[in-house]
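Shown here is one chain on its own, the form predicted alone, set out as structure tokens.
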């Protein structure tokens, strides 16, 4: 794909002049305008100085000084805006970051796929069951999962419900962090109830005890507290898919003379919407947030170079995150060329591995799953390729949950295809469960040490 030149003029609505993929079709334009206008008058969910703090940390990760851990649900549901479920998501991300911190000996940037991951791209616009064809379910921000005409009708009011759930989620996350929930001095408080059954429990507790002892020793010797260890910050991210939702929360900050998307800290563009001439790239090129882009095996050098130039024309540190999702079979053949092509642009990027999306498959019974061994194989290959290319793999991106679901096979307990029916909850894509996520963190810390 060839690069498409962009006019320097930009506004939060300039994307409307470009082809927009994956957007819902609303029957009532008046109701839609009312919902978008109402959303635009509401307070922002995040603030610009939080966005700038994350951008600085991503710049440090680009230099190899930090590591980014990004994870959460494939698609949040409004029903999951529940204190227990939110706390469990934080717990697994905290536990994974603790393992990475211990193994890599560098700070970890914690980014949740939460507080806004309510819209999902789909391969087709419709779904057919028993001869009945209806619009596909595009996430709770757009319509409802039930298979009736009324439930599948895109509803503008859901934009406001999504904003409310996102704000409630992030408010609770902040309250937990400010209250000491994320205090690394006391990681034993994060244990989930079923931790005692995990084959990884003893290994994790040894890591937790080691870090707590190290912190106590340092603070006793220095007489001061390790601030970041006391209040580990969390950042929110979601795919910037529904452009009217993103536009409504885009604000100009006079202090910095920049536009920011204040619905989230780190928006990203999915592969389906990464067309250089498309609306999503046009929208994201004008905001000052760090922006992620999913890149895959179908994207050639010219396409990825065009994205780098368009989204980061001034070669700013901390601005661009490239999340490669190749599939275990394609990493070593496809990734080196993309690394070399981006390096040729001189644009600084943070390379992140998403080993989930390229490894989705269906069982013989037609159940969508991902196999732990393929996820791990892609991670191992990605670290190997970056090391050989003199590049730095500075992060990972997972679809995961703090629940004891059975959606991906393999892992420490050896889940098989027949086990998927025990507790398969996802409406969209299969997620790693708690144990599988923690096991991957332990594997990554080993891989990163040898990189």
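Residue numbers count along the first chain shown, from 1. None of these values were measured; they are calculated from a predicted model.
If you look for the form predicted together with phosphoenolpyruvate (PEP), you will not find it shown, but the lines that follow are about it.
At the 4.5 Å threshold, heavy atoms of residue 336 stay clear of phosphoenolpyruvate (PEP) in the predicted bound form, well away from it. Taking the partner from the other structure, phosphoenolpyruvate (PEP) in the predicted bound form has a heavy atom within 4.5 Å of a heavy atom of residue 268. Among heavy atoms of residue 429, some come within 4.5 Å of phosphoenolpyruvate (PEP) in the predicted bound form. Under a 4.5 angstroms non-hydrogen atom cutoff, phosphoenolpyruvate (PEP) in the predicted bound form has residue 272 among its neighbouring residues. This chain is displayed without phosphoenolpyruvate (PEP), yet in the predicted bound form the stretch 113-121 from 113-121, 372-380, 149-157, 337-345 comes within 4.5 Å of it by heavy atoms. Of the candidates 251, 325, 285, 88, 325 is the one whose heavy atoms come within 4.5 Å of phosphoenolpyruvate (PEP) in the predicted bound form; the others do not. Residue 294 is the only one of 144, 294, 319, 165 with a heavy atom lying within 4.5 Å of phosphoenolpyruvate (PEP) in the predicted bound form. For the partner-free chain shown, just 74 of 57-84 comes within 4.5 angstroms of phosphoenolpyruvate (PEP) in the predicted bound form, judged by any non-hydrogen atom.
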